[in-house]
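Taking the form predicted alone, here's one chain by itself in structure tokens.
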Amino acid sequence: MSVREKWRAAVVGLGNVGWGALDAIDTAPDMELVGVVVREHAVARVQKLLPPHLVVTTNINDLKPVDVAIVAVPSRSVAVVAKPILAQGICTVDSFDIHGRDLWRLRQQLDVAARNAGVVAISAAGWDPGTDSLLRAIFALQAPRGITYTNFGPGMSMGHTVAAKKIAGVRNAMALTLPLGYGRHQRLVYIELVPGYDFTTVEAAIKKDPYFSQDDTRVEVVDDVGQLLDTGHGVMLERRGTAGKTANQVFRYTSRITNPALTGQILVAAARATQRLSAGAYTMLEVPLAHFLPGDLQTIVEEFV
């Protein structure tokens, strides 16, 4: 495992997760922020919010050499943003939050780009998918036969919120996830409706979106979504299964979190791991756990094993 004094990181996108990543870089002992990449219309605003020595640009090529780019953009934009960065020989990490085949397809696309450039991409480096995925795998290795339930919330889902905001006729939105138990969820979506749009049409479009189509989704119009905003969230994982031939093995994990802060922290840990891997694309499940932690391997093993 290689170790260097400071890895040079850039943050691409400065929404809630991007700000969380900035805080995590600032407190990381082995990370240095070299700049932020945002859309053209946001440059002037962001420059007023960050220290003058940080470069704010629309193009990562304007920054001094970058080891890893933290791609803090909506999940559906990850591929189009990350692939050109990888092609320039810069590692990427992202918090793509769509499970299953969509994640595997993204991983395969980024794997080609990363291998061609000789760099590393880590996808789905958030808390779910991400660190919760590691816990589900640990539960399953302890009790190979059984059922794991993932219960999200109650809290604001950033991915679902972004998806709702993209629907025509929605001026602003916030999507809450409410756990119903045993892996079932209800989505409660608060929206500000653009004048002239029919609520029934907008509601149907939200419910049809893949982010919402698998769950009971309810949509409500409010005057000001900002008055409801709360980025708190959480999860309760539970597995009941069998170890060998012995049943009644029960494992539980519960967390209450501030969503953007935790996602940003995990992205920075994944950024560190990119510097310790062979070229290619990975999910967090494929990366040795020690690679996410600062310090040399001996120190990590002596502390945690």
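Quick caveat, the model's predicted, so the values are computed rather than measured. All residue numbers are counted from 1 along the displayed sequence.
The protein also exists as the form predicted in complex with another copy of the chain; that form is not presented, and the subsequent description refers to it.
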* To do: Using the partner position in the predicted complex, report whether Pro288 sits within 4.5 Å of another copy of the chain, counting heavy atoms only.
  => yes
* Taking heavy atoms only, is Gln109 within 4.5 angstroms of another copy of the chain in the predicted complex? -> no
* Contact label in the predicted complex: Gln142 to another copy of the chain, heavy atom within 4.5 Å -> yes
* At the 4.5 Å heavy atom threshold, is Asn248 in contact with another copy of the chain in the predicted complex? -> yes
* **Proximity to another copy of the chain in the predicted complex (heavy atom, within 4.5 Å), stretch among 195-203, 164-172, 101-109, 70-78** => 101-109
* Structure fact -> As a check of understanding, the residue in Val56, Leu262, Ile60, Val34 with any heavy atom within 4.5 Å of another copy of the chain in the predicted complex should be identified as Leu262
* Quick one: of Ala279, Leu50, Ile257, Ala42, which gets a non-hydrogen atom within 4.5 angstroms of another copy of the chain in the predicted complex? -> Ile257
* Even though the chain is shown alone, can you say which residues of 18-36 have a heavy atom within 4.5 Å of another copy of the chain in the predicted complex? -> Asp23, Ala24, Asp26, Thr27
